[in-house]
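Only one chain is shown below, in structure tokens, and it's the form predicted on its own.
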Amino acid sequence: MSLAEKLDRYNMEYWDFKNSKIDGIHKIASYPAPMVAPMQHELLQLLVDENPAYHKMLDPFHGTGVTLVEGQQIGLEVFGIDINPYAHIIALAKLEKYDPNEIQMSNEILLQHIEVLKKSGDYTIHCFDNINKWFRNDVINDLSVIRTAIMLQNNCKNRRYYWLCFGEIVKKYSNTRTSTFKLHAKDEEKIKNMENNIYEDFKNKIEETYKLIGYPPLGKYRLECGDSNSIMQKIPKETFDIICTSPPYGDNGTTVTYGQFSMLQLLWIDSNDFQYDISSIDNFSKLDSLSLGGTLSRKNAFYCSQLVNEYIEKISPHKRKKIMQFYADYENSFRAMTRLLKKGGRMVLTLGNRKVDGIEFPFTEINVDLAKHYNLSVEYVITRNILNKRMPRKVSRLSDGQSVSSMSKETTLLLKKGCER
């Protein structure tokens, strides 16, 4: 039975995963728009069952590492790339895992250090530009105590575990609104009335998170934090059997501002315990500017889909540059992915069509066009309703003041690479 025939046996409503919740290992940290783990697991399992020779998988936009974890669980060697250091920190925790006995002993030492620092006052008050806008003074003080205590831990791997937990506490006690992923301060009254339970919340977080992560590590993995296009260029061609990812649907500034969502956590976490370019967090918008279609983009598309040309004619002239900039970056990514995919390998893309000027950008159809151009056949198309994705109703605001509605549907394309033409 072919892969398409197997998929035909599924009721299409099955892929909505109506009762699916973010739990277990994927619950350790919050992040915008995570992928649906059971769906990715099922699709990857189908691919491996269909071709047991598949061993290596790439996700060049890994986010919190959902595909990497699910790929590992079915025996794949996984390689993930993401430009966002906070996504890198979360995915790394899921893949490297932690010995529960070691973490339990380390927790006791860390909590003792916190108590000693609180009493002695011998800790460094953390500071960065505009810190008082984003955190109350008492919050800055308590977070600084914990930050100092984490830096006193001798084991670097354990410190990475604590930075993961600490980042979630930083986000919870920041002055940012939860109704948007952009950095917008709450009303002063809400900031003033926020209850401070930082120490208790951190204690609970470090004592519960390792139980969700699991142990021991499952298999080989590699993670890199940086620009996926640049990193993919350095990888030998036809390295991977499967590429499974959900790429950005547009530039971060007008879709999901992953960088702004992550910035405050990153400004508190000690970057010395991770491998990423510290200059990427020079300012609150830098990460989003570096991402696909961002303001720092300078790439040109090797193949310009006619669908893009037709689309930009329908939207406002001043918005066309952003669309073309994003498409050029993405076309470079798609071309790089096809180069890295082995002949007979599969590409699984989860995609969404955003709107500009109320007109839907045909991103799914553009990917089908790119697949055809780069010698990939469309084996199957799954359209599902987005029911549980962590997305605000309005994801961002454009320069003309109009909000962009979040998407209610997404499409997964299963592509197969043919022989050289």
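Nothing here was measured: the structure is a model prediction, and the numbers come from that model. Residue numbers run from 1 along the displayed sequence.
Not on display, but discussed next: the form predicted in complex with a small molecule.
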{"property": "4.5 Å heavy atom contact, residue 246 and the small molecule in the predicted complex", "result": "yes"}
{"property": "4.5 Å heavy atom contact, residue 290 and the small molecule in the predicted complex", "result": "yes"}
{"property": "Residue 57, heavy atom within 4.5 angstroms of the small molecule in the predicted complex", "result": "no"}
{"property": "Exercise: residue 34 in contact with the small molecule in the predicted complex, heavy atom 4.5 Å", "result": "yes"}
{"property": "Interface residue in the predicted complex among 344, 100, 226, 219, criterion: non-hydrogen atom within 4.5 angstroms of the small molecule", "result": "226"}
{"property": "Listed residue that, although the small molecule is not shown, lies within 4.5 Å of it in the predicted complex (heavy atoms), from 146, 337, 83, 76", "result": "83"}
{"property": "Stretch in contact, per heavy atom within 4.5 angstroms of the small molecule in the predicted complex, of 358-366, 41-49, 375-383, 26-34", "result": "26-34"}
